[in-house]
Each structure stands twice: as structure tokens, then as C-alpha cells.
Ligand SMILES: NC(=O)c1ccc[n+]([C@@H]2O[C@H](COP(=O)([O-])OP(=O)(O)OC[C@H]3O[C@@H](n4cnc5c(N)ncnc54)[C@H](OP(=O)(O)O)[C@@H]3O)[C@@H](O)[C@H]2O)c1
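Form predicted on its own, single chain, as C-alpha cells, below.
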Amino acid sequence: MAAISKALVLGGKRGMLGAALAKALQAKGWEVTALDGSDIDYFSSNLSDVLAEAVDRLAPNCVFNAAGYTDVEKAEQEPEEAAALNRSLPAALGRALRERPARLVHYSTDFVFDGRKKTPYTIDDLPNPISVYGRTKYEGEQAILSLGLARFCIIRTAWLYGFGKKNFVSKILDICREKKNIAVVYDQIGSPTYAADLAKHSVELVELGGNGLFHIVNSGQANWSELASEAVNYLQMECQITPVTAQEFASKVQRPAYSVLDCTSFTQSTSVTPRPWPQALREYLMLEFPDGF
């Protein structure tokens, strides 16, 4: 009888990705322990020791770090808090695992890039973040890479939506309940990604022994206006999406104009190609709103 694989998922109780990971792991027969900020003080001065104790007690084969500071706008006003969760937490987790056999899986973002390219970003492209969020996430990547871990994955993803937490898609649909016409940015292009698909592919990567840096997003690309229109049209809502430029849309954050991610490294390691984003979006909407919106 094969030994049961054990996973520790940070951010696995209330986080959108963490909850999706717990579900995907359990579906593959893993034993899952989910912890969040109510279980572990992510701001502790001896965080590495706290995390090491949890790892020793739970003895996971793999630790998934789905915890992080993800409010891109608020990060500009709270850079220290963003750095604590996006840089210091993965650094402490990496130190805790350096002398332990568990694999580390950490999640990063397309915001590590400046958006000046016109073709999808590969894992070989040099990051150049232009926001506090992007900078702190990149520093988290660098902290892990500097430790020389033998077994780790850093997974960059983008434009994440899913169950259990407000996201771009759910916010657009909420606004469309109240308004018949809304303005959505069209000159920022990226990779819409369904959290359930990211979780499933993460498990596939780990089970096949993937090691290093990977991009995992749904296939294809879209701008924010196209993503909003696809959701509204699928649900047959009477709401007009009006495309506007990023300059017309008040924001304190500079976002990459183009941040599509190339998943070649993931596909080469797993022989899996993520499905197109419109197909994934329709599944999310069908499950979220089985009786219509």
C-alpha cells in the first residue's frame, strides 16, 4: 500500500487559491492541513522557528505557500505589510525547509514584469516590477532562490479568479446588477486564470517532481474589458461594457500594460497544456451561478 502524501497549505482556509489547492490535493488522495493567519502569526519575529515547528509536527511532503498580500492598490499605502507577507514570509518558510525534506511550492505573479514586451513573458525574461506589490513578490522569489533549496517550485500566475473571495469577475458582475453600463480598461492585457485550474496543475507539477521556476495560467490572452464582456455575455446580463484606457480609470498603481505569461516550462515538465481562459471562465460561472445570475 502506497504511503499517503501529506500537504501543508498556508492560506488554505479562507484564501481563494489556498482553498482550491486543498480541494485539488484531496481529490488526488493527499492528506491536507490548511493553516492561515489565525494559526500562525505571519508577522512574528521568529517566524522561521514557528514554521519549522509546524512542519516538524505535521510532517508534510510538500508545503504550499498560498498566503500573501494581494491588494495591489492598498500595497502602495502599506509597503511594510506587503513586504512582510510577500517577501519575509516566503524567506522564513524557505529557511525552515532548508534542512527538511518537504518540497516548497510558492506562488508569485505577472506583476514582477514591467509590461513593455509585446509577446508572452517566459521564465527567462528579466523581471522589472513597477509597483510595490510586484516588487515585494519579486523579492519573495529572490529570497527563496538565494537559499539553494533542493526541492522547490516558484509558480507565477496572473489575473486569478475563483470561489470564496472577491475577484475581478465577481466584482464586475456585482456592479452589473446595479448599472446598465460600466467602464472597463482595455489597454492592459494579461492571462485570466481560474484558481481551480491553477490548483490542479500545481498538483500535477508536484507529483511529477517539477523543480524550479514555472508560469501557470490559462491559455490565451485578454484585456480587462474582454474578460468582463465574456462573463456578462455568458450570463446574458443586460449590462454594456464600455472600453476605456487605463489613464481614464483612476488608479494609484502603475500596472503592466502587457503581462501575458508563457507556460512552456510547465508544459515541457508535465506534457499538460492549460485549457483556454474562456472555457475555464464558463465553468466557473456555471458552477458559481447554476441558476443564472
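Throughout, we count residues from 1 along the sequence that is shown. Given the structure is predicted, the values throughout are model-derived calculations rather than measurements.
Omitted here: the form predicted in complex with the ligand. The next part is about that form.
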As a check of understanding, the residue in 133, 194, 214, 113 with any heavy atom within 4.5 Å of the ligand in the model of the complex should be identified as 133
To verify the annotation, which of these, 66, 231, 263, 63, has a non-hydrogen atom within 4.5 Å of the ligand in the model of the complex? 66
14, 43 and 109 all contacting the ligand in the model of the complex, non-hydrogen atom within 4.5 Å: yes
Does the ligand get within 4.5 angstroms of any non-hydrogen atom of residue 160 in the model of the complex? yes
Is residue 165 a contact residue for the ligand in the model of the complex, using a 4.5 Å heavy atom cut-off? yes
With the cut-off set at 4.5 Å between non-hydrogen atoms, does residue 70 touch the ligand in the model of the complex? yes
Could you confirm whether residue 85 comes within 4.5 Å of the ligand in the model of the complex, counting heavy atoms only? yes
In contact with the ligand in the model of the complex (heavy atoms, 4.5 Å), from 182-190, 202-210, 152-160, 113-121, is stretch 152-160
